[in-house]
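Below you will find one chain, with nothing else, as structure tokens; this is the form predicted on its own, and questions on how it binds or moves follow later.
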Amino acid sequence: MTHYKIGIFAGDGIGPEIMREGCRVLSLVGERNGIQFEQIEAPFGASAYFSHGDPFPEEAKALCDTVDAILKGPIGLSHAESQKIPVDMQPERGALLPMRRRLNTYANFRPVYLPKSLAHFSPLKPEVIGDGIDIVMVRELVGGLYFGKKETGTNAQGKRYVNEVLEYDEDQIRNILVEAFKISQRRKKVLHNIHKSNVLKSSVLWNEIVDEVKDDYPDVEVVHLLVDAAATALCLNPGQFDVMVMENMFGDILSDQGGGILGSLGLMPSACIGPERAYYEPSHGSAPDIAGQNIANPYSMIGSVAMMLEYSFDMRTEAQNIMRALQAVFDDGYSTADLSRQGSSVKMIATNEFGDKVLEKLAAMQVS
């Protein structure tokens, strides 16, 4: 029997609730396909800081180095609770960025997908959504402003200051662009390059590398678009986009906007890929205000399982089966309270009940 080791970082807030449903789906996939997915848990995030004194403790680091892939739940706390943790140990700085650096997960793929049948989730008008939204945002994940040198202090005039450096080299840029061109080739062969070259020198270099890489992909059309114009276009005409590529901070902001045009970040799984290992996570936060209430939708966590099967284990058909199962539950009129308004025609169910229905749909599908 094929055996894979999967690291499980449940995270904070609603993380453990939605991770349970993702792990149940992964177990069913193993049963259906004669594969053992050994699920190994480790503490990670704010909860790890309070239990271990470190948001990225040694056992989590060791797991990163030995597993075949990682499933990670959302991390973070409310603003008030975050103040109980030293700034440099808060989970985003103290756990997430160090894990990305350790694994060199330079390529972040975030699908922004909403079929026409689920258009009611979106705040956009039906005529704007058209036949649905189907975009892949490709984000560089280990460079730029988030990973540059950082300095705080007091200057000669007694004024507090901060200095953060946005830094890229050509290899970092080329690596993510190659991934974006490859995805574009498999899809509609149109790549939107998102930049800010009218202001930022980093974008000037970025665009130079785009022109160089494009020579290797002559069948892909490149459309250059300023990041602020892209933000507007995502609201006014999302159908013009297929694959979008961008640097780290632009990707952070625009992918969250992508969740907004879907109606929720709860509908956005993601993949974070490195040269040797990858981790998979929902694009949303830990939603501490609804944690423990069993009302968080596990779509993004289960969708992240599907992305793991496709990208880490080349199980594309089973990944597609999971996504079809998720859509089928919505198509049957079910949802959770975090995604739908009370009093609507939607039949409200709990987190675990949504997971039950996904499992039922998946179990009924033929294994290829």
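Don't overthink the numbering: it's just position in the shown sequence, from 1. Since the model is a prediction, treat every value here as computed from it, not as a measurement.
Separately, the form predicted together with a small molecule exists; it is not shown, and the next lines address it.
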| query | finding |
| --- | --- |
| In the predicted complex, the residue from G148, G132, P98, P288 that sits within 4.5 Å of the small molecule by heavy atoms | P288 |
| Partner-contacting position among H192, H284, R277, H195 - heavy atom within 4.5 Å of the small molecule in the predicted complex | H284 |
| Site test, G7, S304 and A319 vs the small molecule in the predicted complex, non-hydrogen atom cutoff 4.5 Å | no |
| Any non-hydrogen atom of S300 within 4.5 angstroms of the small molecule in the predicted complex | yes |
| E179, heavy atom within 4.5 angstroms of the small molecule in the predicted complex | no |
| D54: touches the small molecule in the predicted complex, heavy atom cutoff 4.5 angstroms | no |
| Non-hydrogen atom contact P74 with the small molecule in the predicted complex at 4.5 angstroms | yes |
| Partner-proximal stretch of 156-164, 90-98, 181-189, 204-212 relative to the small molecule in the predicted complex, 4.5 angstroms, heavy atom | 90-98 |
